[in-house]
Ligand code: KE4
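There is one chain below, alone, in structure tokens, taken in the form predicted alone.
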């Protein structure tokens, strides 16, 4: 029995499902979750001493790779001064200044501890600012596990085959209206049927929790227009795309400015951090200045701030990182597409920048229903095949692959060779 097997058996006795987040459970792909001991660069090493080329990257934040020296040193220096004060620090100010300097729509930002918390707070702010209750979200987009967002959601909910969660009351979900991703006509109809009642539209500008699904040309622009026309706010959930699709996130890449931006993962350099920000007049509605209450004892934690400052500063000072990861991703996902085509299959390979997905379904994938056609059993076989050959992918069809600056051309080639051997069978 492997050490991972032993740990999983112990975990099953004291942690629901043996994991602290459902997508780690391997239930969608079979087998035992690997318990990770260490990570460096583009590789992770499990407790049994086996190393893997990592395309999960801690679900996105490790854009510079694991254990980057600048981030590691920043964390050590900050920890030497103490782990938490429950009081204001200079690091919080520096972090906020950095975020505001690179996100064109953000004048002010409030730090929180997770992407879920950022979204929850952003929606509360939108409701407080507009005096309205209803929210439009998109099928297959995942915005964390706050109650009103667990409606037709992606990520772990999609993997487990359910569209909601037990424990979410009908009243809580009643004001969450859903539309298919990339379907502007349905959004228009929802606005018409709920005239004057929509507080905000929330969207992942690039969906990355039903696999990676790109917005069709003009879709985000039309959402912006509809929100302006109806007096509603536009919220971009950039928990995954922020700082990954460019220093200014998806909003900079597509040239569409939201009213409120939710951030997470990557701004912590690997530490648990989230944030939400927007125009000054909106953010000054947040307590203690305004009447929209939001608080957090550990928000702006100094160690997490130090890690985030180190990562964001490095990205700001080294814009060549984006050219490198985009080139590596093009080699990886372009190579996967060619491999699939040579096999005689017509599976969908979606990618933008350093985000991508291989869907085990034929034809294009542009929304939740397209993604759901995927053969999850076949993905499970592919996952196991790749894992056995030292390539660590997300243990679920409906998650993204992430390329980091630490990946090498040799590692990408090894990954493609492993994939080729699967499709040649």
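Just so it is clear, the structure is predicted and the values come from calculations on it, not from any experiment. Positions refer to the first chain, counted from 1.
Missing here is the form predicted together with the ligand; even so, the following discussion is about that form.
*Asks:* Hey, of 291-299, 328-336, 342-350, 238-246, which bit sits against the ligand in the model of the complex at 4.5 Å between non-hydrogen atoms?
*Replies:* Only one stretch passes the 4.5 Å heavy-atom test: 238-246.
*Asks:* Would you mind picking the one in 251, 232, 209, 354 that has a heavy atom within 4.5 Å of the ligand in the model of the complex?
*Replies:* Flagged contact: 209.
*Asks:* Heavy atom within 4.5 Å of the ligand in the model of the complex: which of 52, 59, 35, 360?
*Replies:* Selected residue: 59.
*Asks:* With a 4.5 Å heavy atom cut-off, would you call residue 115 a contact of the ligand in the model of the complex?
*Replies:* Judged by the heavy-atom cut-off of 4.5 Å, residue 115 is in contact with the ligand in the model of the complex.
*Asks:* Could you confirm whether residue 265 comes within 4.5 Å of the ligand in the model of the complex, counting heavy atoms only?
*Replies:* Answer yes; at least one heavy atom of residue 265 falls within 4.5 Å of the ligand in the model of the complex.
*Asks:* May I ask you to check whether residue 23 falls inside a 4.5 Å heavy atom distance of the ligand in the model of the complex?
*Replies:* Contact check for residue 23: yes, within 4.5 Å of the ligand in the model of the complex.
*Asks:* Could you tell me if residue 142 has a non-hydrogen atom within 4.5 Å of the ligand in the model of the complex?
*Replies:* Yes, contact at 4.5 Å.
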